[in-house]
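Next up: a single chain in structure tokens, the form predicted alone.
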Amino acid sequence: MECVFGMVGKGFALVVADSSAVNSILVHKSNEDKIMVLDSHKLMGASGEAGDRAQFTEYVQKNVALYQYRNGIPLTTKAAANFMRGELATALRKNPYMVNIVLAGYDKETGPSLYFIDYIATLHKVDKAAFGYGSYFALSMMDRHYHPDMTVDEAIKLADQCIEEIRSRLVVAPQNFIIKIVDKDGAREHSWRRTTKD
């Protein structure tokens, strides 16, 4: 039961993902990091089939790095989101990727941003987003408590409330979550929220 969600605050964007690698009724792993660092100022949280998730996120990461290597400047967050949307749209009519993306980034000109990209290549710039079964609870908590001028501490508190709601309300809830933040200082891991050990 996967869950990835994110939000934009004052000068930063935050992405949270569960860390369970599950197939059918088996939990294979409880420390899978589903939030990839694309470059120094971009985070990509992904949910979906494990193979598609790994293949697509690595493909995007390498192409973003290749663009920067060839051109000497990194892609903006908006450009990276549009690149992903284009790749998903092209694959949709051939061999679709069953992967949903929450892309967070920070650009000097525009500040923090968050993009919602689903497996059928829908792209929206949003203030808050969620995918997976936990999204029902995360979105309702964010609808109630989110505001655009949140500080990092307020956003972490809201993320913790979302995680607690998912753990208490979802029948087969993931136990461990990872939180990552991107701001003017770059993309980095903030913390883990664990209930089980590796």
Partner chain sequence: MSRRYDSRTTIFSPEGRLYQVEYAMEAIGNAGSAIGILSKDGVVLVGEKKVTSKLLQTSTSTEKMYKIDDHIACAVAGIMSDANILINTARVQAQRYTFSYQEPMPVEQLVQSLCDTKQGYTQFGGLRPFGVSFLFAGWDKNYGFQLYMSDPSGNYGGWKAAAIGANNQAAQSMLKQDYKDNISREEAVQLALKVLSKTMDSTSLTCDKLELAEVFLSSSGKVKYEVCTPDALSKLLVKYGVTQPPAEA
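Note that the structure is predicted; figures quoted are calculated from it, not measured. Residue numbers count along the first chain shown, from 1.
Not on display, but discussed next: the form predicted in complex with its partner chain.
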ask   = Even though its partner chain is not shown here, does A79 get within 4.5 Å of it in the model of the complex, heavy atoms only?
value = yes
ask   = So in the model of the complex, does any heavy atom of N71 sit within 4.5 Å of its partner chain?
value = yes
key: Contact label in the model of the complex: A91 to its partner chain, heavy atom within 4.5 Å   = no
query = L75 near its partner chain in the model of the complex, any heavy atom under 4.5 Å?
reply = yes
inquiry  = Looking at heavy atoms inside 4.5 Å, which stretch does its partner chain contact in the model of the complex, given the options 154 to 162, 63 to 71, 32 to 40, 137 to 145?
reply    = 63 to 71
